[in-house]
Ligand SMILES: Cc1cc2nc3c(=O)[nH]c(=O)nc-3n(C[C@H](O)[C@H](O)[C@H](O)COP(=O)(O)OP(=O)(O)OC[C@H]3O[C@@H](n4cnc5c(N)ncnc54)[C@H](O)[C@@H]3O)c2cc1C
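Okay, here we've got a single chain as structure tokens, the form predicted on its own, with questions on binding and movement later.
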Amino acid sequence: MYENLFEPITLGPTQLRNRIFNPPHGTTLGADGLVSDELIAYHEARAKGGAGLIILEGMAFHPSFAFESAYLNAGRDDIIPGMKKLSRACGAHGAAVFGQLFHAGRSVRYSHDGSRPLVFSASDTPDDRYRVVPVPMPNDMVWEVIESYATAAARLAEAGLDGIEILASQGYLIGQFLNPATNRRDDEFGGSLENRMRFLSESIARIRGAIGGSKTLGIRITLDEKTQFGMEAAEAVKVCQILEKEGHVDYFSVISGSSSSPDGWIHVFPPMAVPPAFVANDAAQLKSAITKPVLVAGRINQAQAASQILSEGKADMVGMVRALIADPEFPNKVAANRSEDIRACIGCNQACVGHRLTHHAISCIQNPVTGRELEFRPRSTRPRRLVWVIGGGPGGMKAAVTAADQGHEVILYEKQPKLGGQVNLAEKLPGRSEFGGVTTNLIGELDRSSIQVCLSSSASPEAFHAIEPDVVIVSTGAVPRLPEVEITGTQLLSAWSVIAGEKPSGQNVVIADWSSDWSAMGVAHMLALSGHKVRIFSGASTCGESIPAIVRDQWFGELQSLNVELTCYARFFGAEDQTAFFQHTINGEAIVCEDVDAVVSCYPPRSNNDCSWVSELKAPDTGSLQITTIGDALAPRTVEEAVLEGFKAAWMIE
């Protein structure tokens, strides 16, 4: 159905097998600035899955920005052997590999020793997001960085990479030079557009001289930084037109957002509240102004959307970072007319961007193998076991599917008439329906397996002794609980019951937020949209403290527009006659909230012990019995832990 995705394309001297590329993104899989076996395995999985082009994560190349705990360092000769190995591994599966050169300029959160490093930019314009004041890069350092671009590109070419991409987008160093709002220089690199472009133009020219004509050279650019302080789109287009006339660039890759401000940052890694394929029109604007191929990325997670971008002539290639994180086999499945089998990305940002921003290796809440390709290599054939999975939430479904994939006989019990567990609540929240894709994807995998699914059914000791399974995986989830405080004359509801449809009495609702996760923000959003006056009292330093900042920040924008009030460091103490009482968690002082019709509690759930009898089971006469408890049944956490533990429990069956 989507044949245009598989038309070959030429970027400069590089012939690509299809129009799907894996854009650059941080993985935290390198090792002290060098290529690791884990990084090779990660990219090889996507090459094997059918991607036509892999553009590696942005690599540092100059001492003014070199944090080797987080970035590969193309400024070192010893990066060459690992790059050669990576290039060969991906090339063996038919994928081309480009390397991206990256300098963040003032947009730095890292440190070498715990102290704040000096950061450099075009000028000393403070950064609204990172809260740093940069040092204006001295003129001689600018020329040194330009030369370092060329020598780093030469290293990557020597390593056998097919091309080089320069990151000039999203408000990083080159963008800081291009943008008159951040470039206040009065030397040859500031003032006119020609001068502001000099850093970029000279870098491109010297890279081309260093790598010759046999390697592809591209640039990543932003037309819309999604912030009022960004560079104008018309001027960004003009930059690309000038570069095209200079004759060194083979393609332009378009992305959105900016690292320099909270509103722009949301669109660098857009959460599910941002529409899919939202950068396509920016790419179309650039494509109408130049002749070289245009690439685009930005929350493209469906084959139909990707194909439509190509068919409408908005771009020549489509990038799918998180789609390929969730399912590396995406291209192969589309090519085989198996689009319905794709494990679609839901834009949650939890284990991909979320891991990266907490300095952990990239993964996916739906696909625990991502980032762990070496740890979870295919296992040798094991004896076929009869596996019981008790509980049909995400963890239980993942355990069942994984066990079936390994050839085991699986029976899945779910006491509710519907699979999904807490996901069925999360997807009801405004702007969060896509989260239900976790369940949709897993149900699809169940349907394609031989798993026996028993809905509205509870596992029992009698059934166990009648069937005698070899393995029992308990995934019964959690149940809500309310805080043990005194409540009189005021309605008290759990967040779960409100999401499920129970209505608060009256219009004035207070949310007592202990969890600091998605629940308080989601319930506040839901109730405010329905006309309630909502006040959140959070025990944390901010509401949503435990979810990725990009998701939280976007939600805060929504809540501010709906006049939701927020008070932090507030511990719920009780309620009486339309007055709710809180205590400041630091100084212990009372916080009194009046005119309260209902209190919605976002209190931690409790592990469901419906199947406590399982722990008393004894192995059947035929052999040993393996019992594992996973997810919230073990300890209430998130979908990520449930799916990971479900996968591991099944993967480790002996």
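We number the residues from 1 along the sequence you see. Just so you know, these numbers come straight off a predicted model, no measurement behind them.
Unshown form predicted in complex with the named molecule; subsequent notes refer to it.
- Across the options 422-430, 236-244, 178-186, 524-532, residues that bring heavy atoms within 4.5 Å of the named molecule in the predicted complex belong to 422-430.
- Of the candidates G218, G477, P134, G371, G477 is the one whose heavy atoms come within 4.5 Å of the named molecule in the predicted complex; the others do not.
- With the partner omitted from this view, the residue of S497, Q350, Q308, Q302 that lies near the named molecule in the predicted complex is Q350 [heavy atom within 4.5 Å].
- Among residues of the shown chain, R198 is not one whose heavy atoms approach the named molecule to within 4.5 Å in the predicted complex.
- The named molecule is not drawn, but in the predicted complex it has a heavy atom within 4.5 Å of A459.
- For the chain shown alone, R17 is not a contact residue for the named molecule in the predicted complex, no non-hydrogen atom being within 4.5 angstroms.
- Taking the partner from elsewhere, Y413 is found to have a heavy atom lying within 4.5 Å of the named molecule in the predicted complex.
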